[in-house]
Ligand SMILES: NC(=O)C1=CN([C@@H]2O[C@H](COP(=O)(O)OP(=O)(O)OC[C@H]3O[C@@H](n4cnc5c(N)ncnc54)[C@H](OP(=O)(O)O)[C@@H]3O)[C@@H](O)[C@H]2O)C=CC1
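Have a look below at one chain only, the form predicted on its own, in structure tokens format.
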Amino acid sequence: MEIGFLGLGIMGKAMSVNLLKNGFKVTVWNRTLSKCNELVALGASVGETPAEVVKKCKINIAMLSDPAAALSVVFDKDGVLEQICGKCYIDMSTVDPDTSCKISEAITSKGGHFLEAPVSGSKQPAETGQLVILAAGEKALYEEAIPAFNVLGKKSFFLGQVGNGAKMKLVVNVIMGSMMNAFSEGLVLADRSGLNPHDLLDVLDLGAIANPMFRGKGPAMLQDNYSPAFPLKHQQKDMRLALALGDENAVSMPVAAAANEAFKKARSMGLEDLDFSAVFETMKILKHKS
């Protein structure tokens, strides 16, 4: 199976590498074409535009940074729409449901096939093929994509109509962002009240709220290590989109709203390209001021 892959950021690069290592032929595109070089060394081909990639490949995957980037790749000159007739487009970016539906309508009106398939998981799960895939749209395309999904993820869900995958991803990420804020506050509270934060990590890991995020992020946070697995600017984007989804459905989300303000504060401090766990720095500053 030959796959086109659009977007070689932290996630897209790791996912493309996995496809190549598992025997798929892959043609890649990135807005900064020099980022394709490492994939070429592993056997990938390069398309100079999204349209060129789609013309060559029947199944095409996009993993882009935000709704604006997702729309641009589809609708701009030399974009996906120019060659999509009879081809398949799987958007694995995290976008809002309206953006996903807009892309779906455009693709299908041109005779193409569409599936949204955002993922739960960041850099390490992408590298190890342990993502959770949240697909919605054309069931036949979902089934055709299963061999690729089995390489990229540990579990795939088909959630029904277009928009449901985007909604599920936003719900997951708003919970994650809120948890990270509570975790950061707890680490600061432990330290300020005379406890060893490393002991707190050990206690948490043995209790009912033990989870891979605390286990994986906590030690690095205590060493001020925020090497980006999931950039903070993308987490804040997802908080904003999830809060908008809450507004649409009349759901009160005060915890998420407060967490979003902390991520916005972190962005104002110049931390947006660090890992989302760098929101911890906003709590530490409050501690130092008191």
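The structure displayed is predicted, hence computed values, not measured ones. Note that residue numbering begins at 1 and tracks the sequence as displayed.
The same protein also has a form predicted together with the named molecule, omitted here; what follows describes it.
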Query raised in the report: Do Met253 and the named molecule share at least one heavy atom pair within 4.5 Å in the predicted complex?
Result: no
Query raised in the report: Does the named molecule get within 4.5 angstroms of any non-hydrogen atom of Met11 in the predicted complex?
Result: yes
Query raised in the report: Should Thr32 be counted as a contact of the named molecule in the predicted complex, where contact means heavy atoms within 4.5 Å?
Result: yes
Query raised in the report: Would Gly121 show up as a contact with the named molecule in the predicted complex if we use heavy atoms at 4.5 Å?
Result: yes
**Report entry** Among 38-46, 257-265, 51-59, 233-241, the region lying within 4.5 Å of the named molecule in the predicted complex by heavy atom distance
**Finding:** 233-241
Query raised in the report: Of these, Gln161, Asn150, Ser72, Asn211, which has a heavy atom no more than 4.5 Å from the named molecule in the predicted complex?
Result: Ser72
Query raised in the report: What residues of 82-109, in sequence order, lie within 4.5 Å of the named molecule in the predicted complex by heavy atom?
Result: Ser93, Thr94
